[in-house]
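Below, in structure tokens: the form predicted alone, a single chain.
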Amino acid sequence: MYKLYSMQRSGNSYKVRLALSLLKAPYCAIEVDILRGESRTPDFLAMNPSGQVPLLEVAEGRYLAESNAILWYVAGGTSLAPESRVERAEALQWMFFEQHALEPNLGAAYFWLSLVKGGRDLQTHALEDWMERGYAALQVMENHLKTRAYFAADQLTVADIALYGYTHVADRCDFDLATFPAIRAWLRRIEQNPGFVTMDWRPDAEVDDPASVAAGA
């Protein structure tokens, strides 16, 4: 069974929890609050020197960091991983896009505006750039989704999960999706998939059904 170190309100952590839930893959969740320095302790740094979550223990003493690397690992051999070589490359293309164009802007804005007390005042100088580059990334996604239901292989893949992580909380950090109808429709499509769980959902919400908890945590 996987052991997942994650933070409930982290979009990168949520990506992994969502993928595991969609795959009905059992795992043990361990909450790590990075805002309280829990990812900077000697014990955690011994597992992941970068001091970041999510972190997945795939075997005793063997760890994977970086959310999209973890997604690619857990999706291997499943319906979330495209079968053909070119479709796998397309999925990776969008996962790279998520990390260099979307997450540094929507993700940063979400962290400072939604999670950090007083973050807006601390990051006033950066907010305008985040908004400009974030909207540019959203427009790229919108243009793609105008003629496609998903980002790769004409089906739900890890590319969609990677992009969903921070796009679905855009409204919590000043981004307005009103002018992105294709993105809004895509968000709804993902949320209609069996096994979907929200960022706020916790395994202990269904303690009366241990099998369901193990599968959907």
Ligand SMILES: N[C@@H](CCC(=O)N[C@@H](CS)C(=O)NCC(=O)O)C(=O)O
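For every residue, the number given is its place in the sequence shown, counted from 1. If you're wondering where the values come from, they're calculated on a predicted model, not measured in any experiment.
From this point on, the text means the form predicted together with the named molecule, which you will not see here.
Since exactly one of Q93, S79, Q99, Q139 fits, which has a heavy atom within 4.5 Å of the named molecule in the predicted bound form?
The option sitting close enough to the partner is Q99.
Exercise for the section: Report the residue, out of E191, E31, D174, E66, that has at least one non-hydrogen atom within 4.5 angstroms of the named molecule in the predicted bound form. Expected result: Partner contact (heavy atom, 4.5 Å) among the options: E66.
Exercise. So in the predicted bound form, does F151 come within 4.5 Å of the named molecule, heavy atom to heavy atom?
Worked result: Outside the cut-off, so no.
_When the contact criterion is heavy atoms within 4.5 Å, does R62 count as touching the named molecule in the predicted bound form?_
No, R62 is distant from the partner.
Problem set entry | in the predicted bound form, G165 touching the named molecule (heavy atom, 4.5 Å) | Answer no; every heavy atom of G165 is more than 4.5 Å from the named molecule in the predicted bound form.
query: Taking heavy atoms only, is G51 within 4.5 angstroms of the named molecule in the predicted bound form?
result: Because a heavy atom of G51 falls inside 4.5 Å of the named molecule in the predicted bound form, the answer is yes.
message: For the interface check, one of 53-61, 153-161, 22-30, 177-185 should have non-hydrogen atoms within 4.5 Å of the named molecule in the predicted bound form; which one?
response: So the stretch in question is 53-61.
Query - Stretch 17-45 - residues with a heavy atom within 4.5 Å of the named molecule in the predicted bound form - result: Heavy-atom contacts to the named molecule in the predicted bound form: I34, S39, R40.
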